[in-house]
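Here you get one chain, nothing else, as structure tokens; it is the form predicted alone.
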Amino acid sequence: MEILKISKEDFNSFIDEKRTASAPLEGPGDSISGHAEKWKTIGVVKKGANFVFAELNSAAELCLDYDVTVLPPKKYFLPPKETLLKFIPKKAESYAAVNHPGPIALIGVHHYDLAAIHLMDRAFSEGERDEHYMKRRENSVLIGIYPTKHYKYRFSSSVIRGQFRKAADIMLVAMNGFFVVEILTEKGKNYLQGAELQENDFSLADIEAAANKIKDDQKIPLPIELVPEFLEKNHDHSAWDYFGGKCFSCASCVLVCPTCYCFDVRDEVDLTLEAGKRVRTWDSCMLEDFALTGEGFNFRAGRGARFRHRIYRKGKHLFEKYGYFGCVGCGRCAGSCTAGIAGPVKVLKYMLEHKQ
């Protein structure tokens, strides 16, 4: 790891230059034209009273002093709707994958979203590798930044153990008119070529203090290592009926979650019957028909069962599979929940207060 610094003015100038620069893509044949493509530069911008990730028209739009974005950056690697392949009906030889991602740079990704991307990387690379997701990741540079504002629902320090650094290429620390730049990967180092980087003269203690100055407003009420066993013992807890009775099954919690990656795949055929495409769309375990079988049986028909499944997915199943808590503590689900019940903090507190 290399630690340097850059003034915020020079950083913005560099980003503007990078937006119009070309970048070689990973692997042979990734570019449709056969040449390097322009960087697609994504950053955090203000939208009304909220913040969102969006393509930058100018570095002046960048707003790195923010609390949380409405949606996580996973949408750039697993789009809400994407075409996987195109075909001509009844012509098997016509089936062709659609997978030509250009290079993108994501600027201003908080540590919890980076931790979520690391978990997604494992989910889509281990076992049956998902080429669409992985190709986008291979052609991306992730520039993270430590939070500079509070968010009342955040509890990331309860559940993150440094795994975010496995996804980040560069981490920024805001320091008195400068960004301290932690270069974590060779990809990050290459991206920064041409930037007006300076030798770092901030002390490591000052950098550490600035990186961790924003404390979480919430906390998981027990050590996360104990959560899987706790849930295992409370499969029939009254909490599931309690929260299920309040849940609207709107799936807002899943739509904003950075670690939810369930999807549906369907073939869409043109009305002319001369063209078709296979599309993948986000799906949600909180929706009533998610667990509906072809014969009409629904093995999670009740809202309580669906609510329990989501909590078990985050606190038990993903933990046991990957060794990381399946929730990164961003707090988006609690902030977006129409019933005011989402989030493992509230659920676990209720279960501990109503022991059975």
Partner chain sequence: MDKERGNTQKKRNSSLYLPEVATLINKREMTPDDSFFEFQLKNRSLGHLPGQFAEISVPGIGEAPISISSPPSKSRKFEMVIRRVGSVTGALHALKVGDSAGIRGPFGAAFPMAALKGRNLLFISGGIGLVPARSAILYALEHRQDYKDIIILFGCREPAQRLFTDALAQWQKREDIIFHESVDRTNGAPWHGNVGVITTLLPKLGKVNPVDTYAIVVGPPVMYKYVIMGLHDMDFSDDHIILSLERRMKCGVGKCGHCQMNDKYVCRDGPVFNYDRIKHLQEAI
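If you superpose the two forms and keep the largest set of C-alpha atoms that fall within 1.5 Å, you have the rigid core. For clarity, every value in this text was computed on a predicted model and none was experimentally measured. Numbering follows the first chain given and starts at 1.
Beyond what is shown, the protein has a form predicted in complex with its partner chain; the following relates to that form.
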### Query
Considering Tyr242, Tyr146, Phe87, Phe178, which brings a non-hydrogen atom within 4.5 Å of its partner chain in the model of the complex?
Phe87
#### Entry: Partner-contacting position among Glu199, Glu274, Glu128, Glu186 - heavy atom within 4.5 Å of its partner chain in the model of the complex
Glu128
### Message
With a cut-off of 4.5 Å between heavy atoms, is Lys46 one of the residues that contacts its partner chain in the model of the complex?
### Response
no
### Message
in the model of the complex, is there a heavy atom of its partner chain that lies within 4.5 Å of any heavy atom of Ala92, even though the partner is absent here?
### Response
yes
### Query
Does its partner chain come within 4.5 Å of any heavy atom of Phe230 in the model of the complex?
no
### Message
Check His235 for me: does it contact its partner chain in the model of the complex (non-hydrogen atoms, 4.5 angstroms)?
### Response
yes
### Query
Going by heavy atoms within 4.5 Å, which of 325 to 333, 312 to 320, 38 to 46, 55 to 63 lines up against its partner chain in the model of the complex?
312 to 320
#### Entry: Contact set, 132 to 161 vs its partner chain in the model of the complex - heavy atom within 4.5 angstroms
His132, Lys135
### Message
I want to check Gly194: does it shift between the shown form and the other one by 2 Å or more at the Cα, with the core superposed?
### Response
no
### Query
So with the core overlaid, does the Cα of Pro89 end up 2 Å or more away between the shown form and the other one?
yes
